[in-house]
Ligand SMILES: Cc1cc2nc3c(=O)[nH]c(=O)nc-3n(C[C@H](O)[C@H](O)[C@H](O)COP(=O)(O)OP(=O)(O)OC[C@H]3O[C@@H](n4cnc5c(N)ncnc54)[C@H](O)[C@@H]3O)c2cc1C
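Let's start with one chain on its own, the form predicted on its own, as structure tokens.
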């Protein structure tokens, strides 16, 4: 990874320091700026301001409401609202140009369901609909009628989100949030947190790669896949590590007619349209923690596992050609694949915003708002995210979410 041209902070002391300036860190900065204006000093430290290797830039940029836990459904519902309202929210910070539209493609998600998985899938659909989602369960006949290109021979049906699900511009969201935060007085620097000064069981200061040490009232850990590195500096631990995910963009000799959703196969492989091309990926067979700088792609994952799964589920995908591919990192929570949000109970000014396991982009609007509420108001004011509290980690009490991809 190239070494960025580091910049020094303007001040020697900040009320709040955010370690990590990608979408979760920048959402937190944005919401803090909306709540505090210029009443507090906030510093965002981002080690790679190009975001070339950030999970935000390398994500598949999708959002869904098809979860099994109500709070995850509600988080995504606010995310959809935020995406739709983004141009209006950002307009005050783009006075001389059009505010960014995130290009939301409302194609929906289609979860393929095995015969033995029908009852749990119907229960999830009922829960989602009770919360205002538009998910429907389709039995094999109606599923084939709606999506004639889909092989339903081994399916018990499918859960389809006809509205408020799809994909959008991840970097448009990040860049808009950064601009709004900076226009509101939040300071961003190209630098890296390399140490924390502890005093009386609290974070007293932050040491930067350029040698400066700045005083800190609150530290927010929004370091994505590098979250444990920041925890180590405070003598803390969370079960979060980088896990590699491969994405492939391919062309098909046979087009898929109609409005194709993001199809989630029984194998875990997903596929969706990307303009005239298609985007696909899966959970690698040898899944496990990776080195922080390991972005090597394994092309045999497509040839050996993804393509056969695609061809089985969508027989028209018999002749494919990969056009582009990349590797991104999930900040994977190995306990339960869900985020960790809240202050540490003992290091009481250390705030976690970590471990979203591939859901960070879609959950960032609600998470950033929640973190700002905890810091400024001392508690959740909108969505109650206490289920994501840090305390479940040492107690080994997973937050159960069945619909994890």
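Numbering follows the first chain given and starts at 1. Being a predicted model, the structure only gives us computed values, none of them experimental.
From this point on, the text means the form predicted together with the ligand, which you will not see here.
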Q) Taking the ligand in the model of the complex as the reference, which of 66, 338, 33, 59 has a non-hydrogen atom within 4.5 Å? A) 59
Q: Identify which of 74, 124, 313, 245 has a heavy atom within 4.5 Å of the ligand in the model of the complex; exactly one of them does.
A: 245
Q: Quick one: find which of 138-146, 325-333, 250-258, 91-99 has residues within 4.5 Å of the ligand in the model of the complex by heavy atom distance.
A: 325-333
Q) Do residue 191 and the ligand come within 4.5 Å of each other in the model of the complex, heavy atoms counted? A) yes
Q. Using 4.5 Å between non-hydrogen atoms, is residue 230 touching the ligand in the model of the complex?
A. yes
Q) With the partner left out of view, is residue 240 within 4.5 angstroms of the ligand in the model of the complex by any non-hydrogen atom? A) no
Q) Does the ligand get within 4.5 angstroms of any non-hydrogen atom of residue 48 in the model of the complex? A) yes
Q.
Under the 4.5 Å heavy atom criterion, name the residues of 347-364 that approach the ligand in the model of the complex, in sequence order.
A. 356, 357, 358, 359, 360, 361, 362
